[in-house]
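Two forms, one chain: they're shown below as structure tokens, one block per form, named structure 1 and structure 2.
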Structure 1
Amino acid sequence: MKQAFKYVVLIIGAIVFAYPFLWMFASSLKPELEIGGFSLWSPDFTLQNYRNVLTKIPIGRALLNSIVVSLSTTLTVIVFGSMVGYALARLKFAGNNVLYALILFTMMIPFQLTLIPQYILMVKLRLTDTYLALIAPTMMSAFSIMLFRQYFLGIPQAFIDAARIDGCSDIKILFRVIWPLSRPVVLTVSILTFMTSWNEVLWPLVVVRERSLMTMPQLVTLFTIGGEAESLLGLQLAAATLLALPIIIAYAFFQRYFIESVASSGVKG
């Protein structure tokens, strides 16, 4: 009876969680006059809303832009975050703990406070309306540095000493010894960074005005609130579905690795 009760609760929770997404997808396939109801079924399902979205905005180019920006951001955060995390965890130098405390302090500063200084910097460097303006401010992450440092502290020192005896430099130790032992934290940082970068809207709205460089969240936001959707809920839901679809597909493929990485990684020390 206890097992049955648990499954009933989990099924109810799954339905409550999934219903808004299912309703969004089903409503995007309905004619405009049928969207007001709570039913998921309609005898008049149509792809017209998606056709209108694809003809009104360059969603394909925006998808490519989001992929380029998100993958570049994720790669740089992993590389630079792991390098800083390794230095803070394994290299002894003056001010090590002070530097780590300063990095943690930056996590407490709201992004909105640094938005204007970062924008002024992009303008002075003439980087607005470029991919670099979207990628450069997110190449380092204090959260990823914290995760890497704490995980690297749990790796036995014997592995590092053995690599030093074999003549490996710190760079080789990091990428050839530490990285293969740190798959959970690397996957965790990768997934969280990619999702954060993919869903970013405010910063692209500030530094990018060229339509050909806009990311999907930025383009969909301007489409829904800028008047191009003509206040039609079906078009807005279709655009939102296209925005969420790549993340849903990616999660479906990497679900096992995501759960494994979250379950096996944590803050140590």
Structure 2
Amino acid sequence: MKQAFKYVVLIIGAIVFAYPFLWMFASSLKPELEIGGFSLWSPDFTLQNYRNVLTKIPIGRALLNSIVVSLSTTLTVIVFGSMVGYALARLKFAGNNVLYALILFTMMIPFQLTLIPQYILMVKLRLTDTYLALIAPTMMSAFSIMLFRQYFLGIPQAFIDAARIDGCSDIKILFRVIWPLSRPVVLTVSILTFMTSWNEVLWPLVVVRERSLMTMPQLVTLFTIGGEAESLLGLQLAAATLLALPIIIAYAFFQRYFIESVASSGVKG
């Protein structure tokens, strides 16, 4: 009896969290006049809304832009982040503490403070409307450095000593010895960074005005609030579905890692 009650609550929860997405997907396939009911089925399913979105906005190009930006950001965050994390955790050098303090300080600064001057920096460097502008301010992350540092502290010194005796440089030790031992943290940082970068919309709105360089969330946002969607629900829902699809597919494959990443970052952070 008590068990049954628990299941009922959990199932209601599942409906509340999942049904809207199913509804969005089903509605995006319906003709405009049929959208609005609770039903997830229509005999008149059509791809017309998608065809219209594809002809109205360069969403394929935006998908490519988003992939380029998110992958580059993820790559730089894990490469540079693990370098600094390794230096902090395993190397003794003058200024080690200063570096650590700089990183802690960076973590405390809210983006609301740096948004405007970072935009101006982009203007001064003539980087607005470039990929670099989209990537540069997030190419390193203080929080990721801390996650790497924390993980690297737990790696036995023997591995590093052995590699050093073999004559490995520190860069080699990091990428050949430490990285293979640190899959969980590399994966955690990659997933968190990719997800954040893929979904970021404020910064692209600030530095990119040129349509062909817009990221997917940005293009879809402007499509919805601008006049182009002509307040047609079907078009908006089709654009939203296209935007949601890549990350939902990634989530379907790596859901365990997505959830564990968020859990570990929250607990340690």
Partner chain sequence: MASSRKSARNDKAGYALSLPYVIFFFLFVAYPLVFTIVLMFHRWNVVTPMEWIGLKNFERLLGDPLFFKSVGNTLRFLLIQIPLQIMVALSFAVLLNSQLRFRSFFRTLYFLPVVVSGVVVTILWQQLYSYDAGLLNRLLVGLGVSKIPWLVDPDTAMPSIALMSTWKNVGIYIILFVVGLQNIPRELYESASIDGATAMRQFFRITLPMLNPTVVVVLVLSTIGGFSLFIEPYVLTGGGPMQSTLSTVLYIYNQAFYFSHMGYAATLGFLFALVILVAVLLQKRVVETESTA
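For clarity, every value in this text was computed on a predicted model and none was experimentally measured. Quick note, the numbers are simply positions in structure 1, starting from 1. In this text, rigid core is short for the largest set of C-alphas that superpose within 1.5 Å between two forms.
A.B. asks: Just verifying the output here: the form predicted in complex with its partner chain should be either structure 1 or structure 2. Which one is it?
C.D. replies: Only structure 2 fits here, because that chain is the form predicted in complex with its partner chain.
A.B. asks: How many Å does the Cα of residue 10 travel between structure 1 and structure 2 when the structures are matched on their rigid core?
C.D. replies: Looking at the C-alpha of residue 10 between structure 1 and structure 2, the offset is 5.5 Å.
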